[in-house]
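A single chain, nothing else alongside it, follows as structure tokens in the form predicted alone.
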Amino acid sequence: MIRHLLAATLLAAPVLSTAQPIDAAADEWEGIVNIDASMLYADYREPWNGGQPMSGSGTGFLIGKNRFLTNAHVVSNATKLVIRTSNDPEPHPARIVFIAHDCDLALLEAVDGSHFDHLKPLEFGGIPKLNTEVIAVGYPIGGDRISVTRGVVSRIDFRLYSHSGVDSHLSIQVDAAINPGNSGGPVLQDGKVVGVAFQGYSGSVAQNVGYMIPVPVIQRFLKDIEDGRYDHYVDLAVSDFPIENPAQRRALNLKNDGIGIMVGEVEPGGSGGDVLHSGDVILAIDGSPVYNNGLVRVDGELVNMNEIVERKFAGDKIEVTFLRDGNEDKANIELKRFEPYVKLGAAYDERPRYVVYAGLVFQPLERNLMDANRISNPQTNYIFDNYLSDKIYVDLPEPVVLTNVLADEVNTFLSAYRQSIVEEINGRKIKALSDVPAALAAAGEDKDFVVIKLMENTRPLVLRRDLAEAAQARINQKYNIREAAYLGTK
């Protein structure tokens, strides 16, 4: 699956219509807790800084002994977490046990779980039917007490999860308004959890549209972490095109039975890269026929064919039946995570990586960087936007950007080079940030100078090595840079 970057509005969870405070002393609501988070958001403009402190709140609910489920976006970048119930105002420190940014879920535990031993965990149900009523319970803005709201299931679809900005999974739409604070709270039907409230549209985009994470996604997350770690979602890493035109079907020697979807782009290094080719026609996955619109029937329901892949784990295999040059064939494909997708998504709980040399700031190209620095350089924007479609990641796994030039006498008149992609330093190709320190230290054609070649710029950036090295301590002190480089942890 190619995960396209789509515009979506986050991050308040759906609160269904007609909100009403309820008696929190009722046993059925005691397992639903309020989560207060203190957070530290990384500074991608000045990555050597500690970051910006912020705070937020959301909802979680008990699913087992001292295990509380919530959204990843409620607790991302958290430095301190406390949970409380409506009938117990005392804040209890909590910590993250597992977090999954690709499906916006997290599992928490109280530092002292004995305070919650008397609470009854909520039970999971199934996927609710269309046009049936559900209720959301949580702690939205407008008060401190727990609140319950009602709405109707209006759509079950495969769509983008806005927390990462690149991952698409099964989601359930409800006719709902949007309010902060309900994020991570349970959506219930017949007393059982059928989803976790997590995102929606606001403003002029749409009215009364909210979404919840359905039980199959929740259960996959809980199954993944059973071995003590989270291995992330896997991808087939191919795009597809419907084959609905009768003439096209005849040209491909396909039967007039509505079965078969054409393979478009196949990502090198992806799960399907060594098996599928562009132009192949996928007929079935794990024995389930694939219709010409990309749907398959799972548990009696028509769903996106990627739903079969979604329910698998790293190392699992799927059997693909496909047509190539008129001949039918079968192959087993081992599924894995496709890392280039990750680089295009938002990152959390990570310290920004960088290198500062003579006031030149080098950083890896990624979504957080693009957003924070408001990159306007056309070439850099092209590299980011076409990183997958043009297969740029094959030869350039981690493009490096000269994001800033910290003003100093050693780098006078070099500010015009900002926001450019670094191609070479002292004759060495730069394919990742880890290449930069060694390339800066290497002697080029003239050991007295540091020569930096930037993409789409015929004039290289040149520094006198002795002046650049002498300026480093001065620049560090001037701009309060405690470390001249941070390359991350291995």
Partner chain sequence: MKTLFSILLLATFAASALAQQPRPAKGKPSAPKPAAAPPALNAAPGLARDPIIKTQSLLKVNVTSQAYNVHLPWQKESPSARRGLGVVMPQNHVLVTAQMVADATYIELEQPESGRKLPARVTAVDYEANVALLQADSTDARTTEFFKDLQPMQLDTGVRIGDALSVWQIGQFGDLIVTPMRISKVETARYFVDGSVFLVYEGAGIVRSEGNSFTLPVVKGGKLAGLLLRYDSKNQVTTVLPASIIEHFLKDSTDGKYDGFPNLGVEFQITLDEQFREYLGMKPGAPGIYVGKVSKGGSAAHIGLKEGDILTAINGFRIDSRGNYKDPQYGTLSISHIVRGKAYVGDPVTIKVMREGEPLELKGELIRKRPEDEVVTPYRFDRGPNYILAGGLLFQELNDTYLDAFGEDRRSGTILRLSHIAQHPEAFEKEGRKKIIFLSLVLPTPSCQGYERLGGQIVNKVNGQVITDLQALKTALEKPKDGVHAIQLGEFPHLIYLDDAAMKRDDQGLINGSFRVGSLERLE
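Numbering follows the first chain given and starts at 1. Only a predicted model underlies this, so the values are computations on that prediction, with no experimental measurement involved.
One more form of this protein, predicted in complex with the partner chain, exists but is not displayed; see below.
Which of 261-269, 399-407, 284-292, 210-218 lines the interface with the partner chain in the predicted complex (heavy atom within 4.5 Å)
Within 4.5 Å of the partner lies stretch 261-269.
Let me know the one among Asp390, Asp395, Asp371, Asp117 whose heavy atoms come within 4.5 Å of the partner chain in the predicted complex, would you?
When the partner chain is considered in the predicted complex, the option within 4.5 Å is Asp390.
Could you tell me which one of Asn327, Asn386, Asn131, Thr79 places a heavy atom within 4.5 Å of the partner chain in the predicted complex?
Only one option qualifies, and that one is Asn386.
Tyr417: touches the partner chain in the predicted complex, heavy atom cutoff 4.5 angstroms:
Yes, Tyr417 lies within 4.5 Å of the partner chain in the predicted complex.
Is Arg459 close enough to the partner chain in the predicted complex to count, meaning some heavy atom within 4.5 Å?
Result yes; Arg459 sits at the interface with the partner chain in the predicted complex.
Although the partner isn't part of this model, could you tell me whether Phe313 comes within 4.5 Å of the partner chain in the predicted complex, counting any heavy atom of the residue?
Heavy-atom contact with the partner chain at 4.5 Å: absent for Phe313.
Do Glu244 and the partner chain come within 4.5 Å of each other in the predicted complex, heavy atoms counted?
Yes, Glu244 is a contact residue.
Do all of Gly126, Arg150 and Glu334 end up near the partner chain in the predicted complex, with near meaning a heavy atom within 4.5 Å?
So, no: the whole triplet misses the partner chain.
For the stretch 227-255, I need every residue with any heavy atom inside 4.5 Å of the partner chain in the predicted complex, listed N to C.
Residues within 4.5 Å: Ser239, Asp240, Phe241, Glu244, Asn245, Ala247, Gln248, Arg250, Ala251, Leu252.
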